[in-house]
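Just the one chain here, the form predicted on its own, laid out as structure tokens.
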């Protein structure tokens, strides 16, 4: 039995199929993954993401600590509530984890890291925080719900006070604020509009029930995965890990090489750029019948072979799509080995879908 979020009994009573994920017992779906996926693309769905780890970092040198640990530069964060996405790297430039960092005050930042990497992230951050006098607090008292879809923000706002609703709806993308006792952030992992709400764990069930009573569809990990893949968003442990750098994982845009900043992994990334990045992450669209899955072989004529890192049937596009790591020169059509057969696939630039619309032509 894995760890359980404050919403576990709600999931179980709703008949969710429960699976182990990152050491947690989590809902995979509530009956129909396809229905949940389409609900998020067309209206609104709610996910329990309380298995994610919320970490508060406090102290006068918190910004300095994060400028060293984080490959993106928190020096960009000057407006309270503003968020930044990026990676923690090891000395070899490999990705320890990808995360979001919020600037809540000059002495207070908040990070949200992945469930499966919770222990190693906390150890890594605390190991370095000690030298900066920064207090690191795992906020196990907080739950987190992601409400996503074209109607999501309005559905959450309807549960807030009048002033709170106005503040929530006025939030800019990748910003959060304390509103009516919750931390409401305009972030997500689906390629749709929405909020991620952090709130006391004892309030999670009432919020979940209020949202579902208002017609927001309960959604599980299955739809979360197909939605994030359509949105071209990486999954840690599949699309990148400690043996792959951001430069070969489609995440070069999250690395800030500002000249005044030394961060862990910088020298390794500079060396990789100098010798040439040998692999890159691309999108694939299968041109034939079949399903693309992780670890299938990708053959690029004239350039070599690669491997699918994430693959699935796309409910929105009604075809199979994937992210794959391939030799950098790869440009044209490729073939994927599916059940012993070579099937044609087209190389595209992710994302595949954004705001419910196809982006691949």
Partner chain sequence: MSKVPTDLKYTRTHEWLRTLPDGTVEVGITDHAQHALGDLVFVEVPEAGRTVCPGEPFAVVESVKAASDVYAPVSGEVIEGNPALAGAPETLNSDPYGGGWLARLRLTAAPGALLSAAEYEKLTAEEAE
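Quick caveat: nothing in here was measured; it's all calculated off a predicted structure. Numbering follows the first chain given and starts at 1.
Only in words, not in the display: the form predicted together with its partner chain, which the text now covers.
* So in the predicted complex, does any heavy atom of residue 331 sit within 4.5 Å of its partner chain? -> Residue 331: no contact with its partner chain in the predicted complex.
* Asked: Could you tell me if residue 225 has a non-hydrogen atom within 4.5 Å of its partner chain in the predicted complex?
  -> Heavy-atom contact with its partner chain at 4.5 Å: present for residue 225.
* Asked: Going by a heavy atom distance of 4.5 Å, is residue 34 a contact of its partner chain in the predicted complex?
  -> The answer is yes: residue 34 has a heavy atom within 4.5 Å of its partner chain.
* Asked: in the predicted complex, does residue 17 have a heavy atom within 4.5 Å of its partner chain?
  -> Looking in the predicted complex, residue contacts with its partner chain include residue 17, since a heavy atom lies within 4.5 Å.
* To do: Please pick, from 28, 55, 49, 39, the one residue with any non-hydrogen atom lying within 4.5 angstroms of its partner chain in the predicted complex.
  => Of the listed residues, the single hit is 28.
* **Contact residue in the predicted complex, from 130, 271, 291, 158 (heavy atom within 4.5 Å of its partner chain)** => When its partner chain is considered in the predicted complex, the option within 4.5 Å is 291.
* Which of 196-204, 70-78, 136-144, 217-225 sits within 4.5 Å of its partner chain in the predicted complex, heavy atom basis -> In the other structure, the partner sits against 217-225.
* Asked: Which residues, if any, of 313-327 lie within 4.5 Å of its partner chain in the predicted complex when only heavy atoms count?
  -> Residue within 4.5 Å: 313, and no other.
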